[in-house]
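There is one chain below, alone, in structure tokens, taken in the form predicted alone.
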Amino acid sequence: MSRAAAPVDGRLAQRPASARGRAGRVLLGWLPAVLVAGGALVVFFPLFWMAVTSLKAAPEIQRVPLQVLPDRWLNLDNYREVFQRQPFGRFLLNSALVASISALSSLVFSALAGYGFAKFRFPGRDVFFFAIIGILMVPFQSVVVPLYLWMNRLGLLDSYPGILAPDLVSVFGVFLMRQAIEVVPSDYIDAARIDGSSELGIFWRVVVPMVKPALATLLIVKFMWTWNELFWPLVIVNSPSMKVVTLGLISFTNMYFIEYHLVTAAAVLSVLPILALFLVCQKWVVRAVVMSGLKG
């Protein structure tokens, strides 16, 4: 009787262990989803807080205890006051103009330079390329004074060309496009040369269609960097009509207090163009990320 009961007791003892194992596997299976959800919440919460604060009146923001949601969800008084207190539409237009020209210029020059470094062999190519990449390690603040003096001599202070000058070419863009074009099969380029196509024709008809994801990524990144630029416009811009949106945000603060209801409303307005650009180029950006993951 004791020999018959022994296997039954063994199975009973194994059940809790197997149940704990299944529970552990379930927890490990959910762990990535929990971490991703936590990361998304951390990224999303500041944007949510900015949006709801832009709908509150000044007394609501200072209310104790703190209130998360606004009293009126359709309160757009802060947005109206932003445009009444400052020429914020002009600031948005200036930023859109500067960021668009800067992004398109960087796109053209970076793609051409990347094509040259990736598909042409010439003496000193690698040395020249790494010398260009070395510029990334030079802080922009260290060249501001000579750059300002050059702009002054050229009469470009407080002008669109003066604001654009440091952003017309992107070193990061050259690196990105060189890496993207390097994986384009050289056989396609050689076949186009045999067919009699010019180098610019090969670049436009063969190379550009195959690196669209990298171009879209560079477009968004460069547009966002220029849109968020504060230091150089702060140095070179003097007149209110030439201010960009980052300088416009500062105008709602002073040494005594910060008008949070207006700052957050202006910040929401400044985020919308970048969000729209990302939504338009989203599929190419996702494809670029996937391709870079496969290459790695």
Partner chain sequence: MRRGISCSVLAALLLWTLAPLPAPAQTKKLVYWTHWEQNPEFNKWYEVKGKEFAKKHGYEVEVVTVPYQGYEAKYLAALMGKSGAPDMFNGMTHQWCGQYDFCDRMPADLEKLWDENIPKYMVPIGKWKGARYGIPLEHGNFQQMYLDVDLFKKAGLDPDKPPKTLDDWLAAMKRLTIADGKGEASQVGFAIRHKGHPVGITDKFLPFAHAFGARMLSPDLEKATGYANSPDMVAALQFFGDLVLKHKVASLALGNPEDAFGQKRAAVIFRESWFFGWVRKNAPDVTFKVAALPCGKACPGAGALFPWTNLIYKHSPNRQAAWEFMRFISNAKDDLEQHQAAGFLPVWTANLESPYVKGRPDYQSTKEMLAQPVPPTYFHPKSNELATAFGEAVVGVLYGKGQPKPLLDEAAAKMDKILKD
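In this text, rigid core is short for the largest set of C-alphas that superpose within 1.5 Å between two forms. Just so it is clear, the structure is predicted and the values come from calculations on it, not from any experiment. Positions refer to the first chain, counted from 1.
Separately, the form predicted together with its partner chain exists; it is not shown, and the next lines address it.
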| item | value |
| --- | --- |
| Its partner chain contact in the predicted bound form: Trp49, any heavy atom under 4.5 Å | no |
| 4.5 Å heavy atom contact, Lys56 to its partner chain in the predicted bound form | no |
| Its partner chain contact at Glu182 in the predicted bound form, heavy atom, 4.5 Å | no |
| In the predicted bound form, Val145 touching its partner chain (heavy atom, 4.5 Å) | yes |
| Options 265-273, 35-43, 226-234, 22-30; stretch whose heavy atom lies within 4.5 Å of its partner chain in the predicted bound form | 226-234 |
| Candidate site Gln62, Ile250 and His261: all three near its partner chain in the predicted bound form by heavy atom within 4.5 Å | yes |
| Residues within stretch 254-280 having a non-hydrogen atom within 4.5 Å of its partner chain in the predicted bound form | Asn254, Met255, Tyr256, Phe257, Glu259, Tyr260, His261 |
| C-alpha of Asp190 moved at least 2 Å between the shown form and the other one on rigid core | no |
| Shift of Val237 between the shown form and the other one at or above 2 Å (CA, core fit) | no |
| Displaced residue check between the shown form and the other one: Trp227, CA, 2 Å or over, core reference | no |
